[in-house]
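Quick setup: one chain, the form predicted alone, written in structure tokens, and binding and motion questions come after.
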């Protein structure tokens, strides 16, 4: 018998504490300003139907239900040159106590002037241009209990200085405090065969989570090219895993976070209806040795497809990792082929579907994402994921049985 109070109570208390802290900070900082707060956000209900029985009997069967709340409070003054943004997040999950969680996605102060901008607090930063794999994106930690595609990120404490110069755009990041990766719990789906015990997380840095990371990025638009170069030094966001035992003497995986250096290049070339995309990294300090990894491809769009208002795009990308089978990700020898359709209607109807194939071991995964606004306040989204012919040496073998269909209904306010 499920007891809803067990998975909900502690995260709910954490959420209340975060809200109190955030609202108190806003009240203190904004006490001298009379302008009204801009309050918006969303509430969504998500249903997942898993099509197969789980690989581990401790994982839940069948369907799942969850509810997510993500408000956003913004205060601007000085003609918009200064702003405070607060965006907390809370999800309640019926089956997985680990997926019931709280986070502050954003809570930062921003000020900008002529050719400069400074931000301080918790924020999210995205780097990259490719569709299937974001190699160069390293500032924020991945929230793996939200979605297996790695698109959802945790807020990262940072001090960011951005400068616009004729030589290009420069961004300097000082990143105090590390966010551990989140993982599904023992009863959750889309997890490793052995559950991850985050309570025993280990660090190469002597000061653990308190290690201060640094990053520097340069980017510039040169005619039809958008180019970015970056370097990161600090605690790697992708953990390695060590075998261990939990407090009940059950086998678990223990995450281990190394100190790494990563130099990256991303580039996008736009010409007519063609987009050519490329990302590459060289990383040192990761378990298994130094390595190169790269991904790249193209997107060709037919605007006004077949004489209508809709657009149709074809995508193709290759991903390669020098580590091969030693890679900690499934994207080491993979081909992605996809199609993107945009209706360009008032309901913002769109669809993205694609398949990733490992050309060495034959593993395949498919993904379909579709969404449509029902009116100004409501939106429905559908996602379907499946894994086929997965090799036992592929990291995807952990979720081989977790094919699912997800329907999400979101109310914006």
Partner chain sequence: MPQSLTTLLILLSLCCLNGNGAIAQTPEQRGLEIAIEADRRDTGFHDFKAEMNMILRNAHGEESVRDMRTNVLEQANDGDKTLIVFDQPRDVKGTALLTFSHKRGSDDQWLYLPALKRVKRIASKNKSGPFMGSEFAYEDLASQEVEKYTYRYIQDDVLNGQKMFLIQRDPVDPNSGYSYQNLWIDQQHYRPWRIEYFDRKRTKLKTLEFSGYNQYLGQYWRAAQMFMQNHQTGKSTLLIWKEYHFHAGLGENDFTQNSLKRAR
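Just so you know, these numbers come straight off a predicted model, no measurement behind them. Positions refer to the first chain, counted from 1.
The same protein also has a form predicted in complex with its partner chain, omitted here; what follows describes it.
Tell me, out of 231, 323, 209, 124, which residue has a non-hydrogen atom within 4.5 angstroms of its partner chain in the predicted complex.
So the residue touching its partner chain in the predicted complex, by this definition, is 124.
Of these, 337, 245, 303, 201, which has a heavy atom no more than 4.5 Å from its partner chain in the predicted complex?
In short, 303.
Which of these stretches, 165-173, 256-264, 178-186, 285-293, has heavy atoms within 4.5 Å of its partner chain in the predicted complex?
Selected stretch: 165-173.
Just checking whether residue 108 would be counted as a contact of its partner chain in the predicted complex - the rule being heavy atoms within 4.5 angstroms.
Flag for residue 108 set to yes.
Does residue 275 make contact with its partner chain in the predicted complex, using a 4.5 Å heavy atom cut-off?
Residue-level check for residue 275: yes, a contact with its partner chain.
Taking heavy atoms and a 4.5 Å cut-off, does residue 360 contact its partner chain in the predicted complex?
Although its partner chain is absent here, residue 360 would stay clear of it in the predicted complex, with no heavy atoms inside 4.5 Å.
Can you check whether residue 250 is within 4.5 Å of its partner chain in the predicted complex, heavy atom basis?
No, no contact at 4.5 Å.
Residues within 4.5 Å of its partner chain in the predicted complex, restricted to 215-231 and counted by heavy atom
Result: 221, 223, 224, 225, 226.
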